[in-house]
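In structure tokens, one chain follows: the form predicted on its own.
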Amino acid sequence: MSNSRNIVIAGAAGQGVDSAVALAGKVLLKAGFQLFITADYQSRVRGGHNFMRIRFSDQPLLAAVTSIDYLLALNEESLLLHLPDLKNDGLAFVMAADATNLKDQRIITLPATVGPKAAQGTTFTGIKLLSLLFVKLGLSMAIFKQTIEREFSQKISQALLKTNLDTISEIATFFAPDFPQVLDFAAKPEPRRMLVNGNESIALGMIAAGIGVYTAYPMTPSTSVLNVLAGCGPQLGIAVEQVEDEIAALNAALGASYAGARAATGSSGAGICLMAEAIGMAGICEIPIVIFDAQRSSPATGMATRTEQADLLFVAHVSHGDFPRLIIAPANHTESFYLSAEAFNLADKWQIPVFILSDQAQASADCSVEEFDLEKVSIDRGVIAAEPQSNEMLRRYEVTENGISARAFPQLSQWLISSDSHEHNEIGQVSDDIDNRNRQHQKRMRKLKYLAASLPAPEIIGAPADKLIICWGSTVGPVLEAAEIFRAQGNQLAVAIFQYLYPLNRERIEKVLAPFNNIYTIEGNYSGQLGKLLQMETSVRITGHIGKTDGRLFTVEDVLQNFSKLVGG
């Protein structure tokens, strides 16, 4: 953690926290730093306490930290709330009026009179404190000004733009002579580096996969996938529809997939609940579909802007009856791009629902990544029936060894295609004949065997060791960084990263986990759901679980504290 700095910008909802962080992120990225930005906000339009962390370094970052190097408090409440996490050598920047009764040498106050007269109001608090911070960091005010001009020249009046630029200049002039500080790491500019959040990575992966239709009803924290695709859909030929509810969303996407488009929908856990019956239809009709679940604190409405990893067992069993499905959980933003693209290939190949599990912590976190490589994305539509000489019935549900039957697309083929949500025979006609039922049911379920056998084992980092930590999704970043620190302190600890959560490749998993006698899970849920799934599906036995259910993300310090408890028994 020493080779990075952590900035916290805090204030009330509606006070400009998000805008200040967006500007800071762009400036730091342009300056050449690697970033990891996380948000903590209440489900309120105005009022309530919000804060965001901007961690920057010369190395890639995949986790947030609790300890604060620089605090920008937009009001007095924020200063009081976050001072306990400010490092002894950290600094807090605040307007003088918000720190009148505090005596702390770490607090740097900015008089309201510093800056042009037109910038005396609270509207300019964010830009003033950012200017103060960037002077302290020794960052280029030219980059800051260029960012302001690029972001706001078409959005605000020229007079207001000039006031912002003059504010930056005056604060830099006022403080720079007495404010030198050199970071102990240097920026490494990279022109192909970009700043994206988890949901943007998912959406870009869908685009790379050739998605044709995306349908959804807005639900935090999945909505930004809908927004991204809606914004570029007309230019890319993607049909994007905000429908009346989640039931309609999945049914519409299934219709599009049946007709030949690559289709997906997205929601959070409560929305996936509404999709349960349609998920079952996808299972029996063997319609490829990608379903994005950005998890949040539950049950019911839960805490709409908070995070959790508690949908895994639900998604593994959602809808009635048995049918195959696949669950993927990217561990970071780069994986979110490539695995979401691969999800469409797997859905098409196996003709099943494929779930992409993320959560609020991952969905809303911004991370600097190297530009995604489209050359690494391939498109595989699975088994398509060769065209007949004339119209004839397709044996759409032909019984095969691996459970995969050739498909074709209505109106785009000479095949006559019949499909039904009842049990059906090989040509899709309704049938409850005993032998037919057994053949069709077993055909579908055989996919699980062959699919599981094709999936990789979890990646093991830090072996050999006497203890193993299992993690997935948004917990991977903080676990990896904490484990590295923990090992540097002389402790043995290995980490297993799971990307494919269901079905489980039993043989490979048991082989790579066999050397470990003490296996713990770290998940953002109460019950250790991946651990339970492993014990249901394999011979692996879990020693203990480290859970988090307060709706807040795991930081590196959170994980380190729990590792210390493991050493102590």
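Just count from 1 along the sequence shown to find any residue number. Here the structure is a predicted model, which is why all the values come from computation and not from measurement.
The form predicted in complex with a further copy of the same chain is left out here; the points below concern that form.
J.: Does every residue of His82, Ala463 and Val567 put a non-hydrogen atom within 4.5 angstroms of a further copy of the same chain in the predicted bound form?
T.: Looking in the predicted bound form, the three residues His82, Ala463 and Val567 all stay beyond 4.5 Å of a further copy of the same chain (heavy atoms).
J.: Here the chain is shown alone; which of Ser169, Asn75, Ser405, Ser319 has a heavy atom within 4.5 Å of a further copy of the same chain in the predicted bound form?
T.: Filtering the options by heavy-atom distance leaves Ser319.
J.: Considering Lys117, Lys188, His422, Lys162, which brings a non-hydrogen atom within 4.5 Å of a further copy of the same chain in the predicted bound form?
T.: When a further copy of the same chain is considered in the predicted bound form, the option within 4.5 Å is His422.
J.: Is there a heavy atom of Ala386 no more than 4.5 Å from a heavy atom of a further copy of the same chain in the predicted bound form?
T.: So Ala386 does not count as contacting a further copy of the same chain.
J.: Tell me, yes or no, whether Phe152 is in contact with a further copy of the same chain in the predicted bound form, where a contact means a heavy atom of each within 4.5 Å.
T.: Phe152: no, not in contact with a further copy of the same chain in the predicted bound form.
J.: Do Phe174 and a further copy of the same chain come within 4.5 Å of each other in the predicted bound form, heavy atoms counted?
T.: No.
J.: So in the predicted bound form, is a further copy of the same chain close enough to Phe314 to count as touching (4.5 Å, heavy atoms)?
T.: Contact check for Phe314: yes, within 4.5 Å of a further copy of the same chain in the predicted bound form.
J.: From the candidate stretches 120-128, 92-100, 481-489, 321-329, select the single one in contact with a further copy of the same chain in the predicted bound form, where contact means a heavy atom within 4.5 Å.
T.: The contacting stretch here is 321-329.
J.: Do any residues of 271-292 have a non-hydrogen atom within 4.5 angstroms of a further copy of the same chain in the predicted bound form? If so, which ones, in sequence order?
T.: Counting only heavy atoms within 4.5 Å of a further copy of the same chain in the predicted bound form, the contacting residues of 271-292 are Cys273, Leu274, Ala276, Glu277, Gly280, Met281, Ile284.
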